[in-house]
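Only one chain comes next, encoded as structure tokens, the form predicted on its own.
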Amino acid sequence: MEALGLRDDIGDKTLAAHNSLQLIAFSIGEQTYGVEITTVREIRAWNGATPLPNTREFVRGVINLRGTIVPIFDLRARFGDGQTSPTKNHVVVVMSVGDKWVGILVDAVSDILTVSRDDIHNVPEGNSIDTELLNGIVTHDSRMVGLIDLHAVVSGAKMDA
């Protein structure tokens, strides 16, 4: 009977692990955002980017990452809060979006969080940019973390002619 109880414990732990989500948390000003850790390829210091013509203000340009051209998106500008004035403390989080790599410029990477999928809530209606760019919101250690929708963040990068 104890073996059966132990097996149930293992099953419960497996279910709990399957229901959890690990996030890389980063900040833009006082706001905390996160992306699923499996999408993150690299975190690197801000070293500038080569600007591209006919792109929106939230596209900072491109970098050459070991032979791969990676577009860099300014997350602050993407949320409509004006362009970031990057310093040596800013970082670029390089992630995979589908089969492409993109980088997002953020103020700082703060944490790796483990959250339950059951704790993810819908984004409240009101701010259309937040609703469009976030997949959900989760509370972790008394702070709200917005879950970034990477596909939405990188869409609309080219200006209409």
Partner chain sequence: MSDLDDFKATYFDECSELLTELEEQFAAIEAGERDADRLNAVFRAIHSIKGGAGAFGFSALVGFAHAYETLLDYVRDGRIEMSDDVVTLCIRANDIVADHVKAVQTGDALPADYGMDEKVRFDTLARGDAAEDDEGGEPLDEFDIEFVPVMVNFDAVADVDEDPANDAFDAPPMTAEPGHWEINFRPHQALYARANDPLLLFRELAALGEMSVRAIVGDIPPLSDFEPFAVYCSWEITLIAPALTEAMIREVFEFVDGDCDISVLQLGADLAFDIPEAAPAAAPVAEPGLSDLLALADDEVEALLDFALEAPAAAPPVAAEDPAGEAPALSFAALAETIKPSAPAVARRAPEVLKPVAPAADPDDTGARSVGVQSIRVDLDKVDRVVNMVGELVITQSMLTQQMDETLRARYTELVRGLEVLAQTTRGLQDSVMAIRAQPVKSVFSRMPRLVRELAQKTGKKIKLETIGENTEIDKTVIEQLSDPLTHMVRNSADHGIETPDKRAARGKGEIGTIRLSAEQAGGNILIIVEDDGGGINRERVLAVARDKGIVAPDVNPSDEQIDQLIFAPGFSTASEVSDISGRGVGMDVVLSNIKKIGGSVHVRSWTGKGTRMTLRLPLTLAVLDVMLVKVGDSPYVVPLSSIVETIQCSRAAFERVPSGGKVLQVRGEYVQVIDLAERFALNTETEAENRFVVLCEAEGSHKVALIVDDIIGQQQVVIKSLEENFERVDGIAGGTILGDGNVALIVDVQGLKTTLMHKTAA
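Model, not experiment: these values are computed from the prediction. Numbering follows the first chain given and starts at 1.
Below: the form predicted in complex with the partner chain, not depicted.
Colleague: Counting only heavy atoms and a 4.5 Å cutoff, which of 132 to 140, 31 to 39, 48 to 56, 117 to 125 contacts the partner chain in the predicted complex?
Modeller: Answer to the contact question: 48 to 56.
Colleague: Can any non-hydrogen atom of residue 69 be found within 4.5 angstroms of the partner chain in the predicted complex?
Modeller: Flag for residue 69 set to yes.
Colleague: My question is simply whether residue 73 lines the interface with the partner chain in the predicted complex - judged by any non-hydrogen atom within 4.5 Å.
Modeller: Taking the distances in the predicted complex, the answer for residue 73 is yes, it comes within 4.5 Å of the partner chain.
Colleague: Does any part of residue 104 reach within 4.5 Å of the partner chain in the predicted complex? Heavy atoms only, please.
Modeller: Residue 104: no, not in contact with the partner chain in the predicted complex.
Colleague: Just to confirm, residue 113 within 4.5 Å of the partner chain in the predicted complex by heavy atoms?
Modeller: Residue 113: no, not in contact with the partner chain in the predicted complex.
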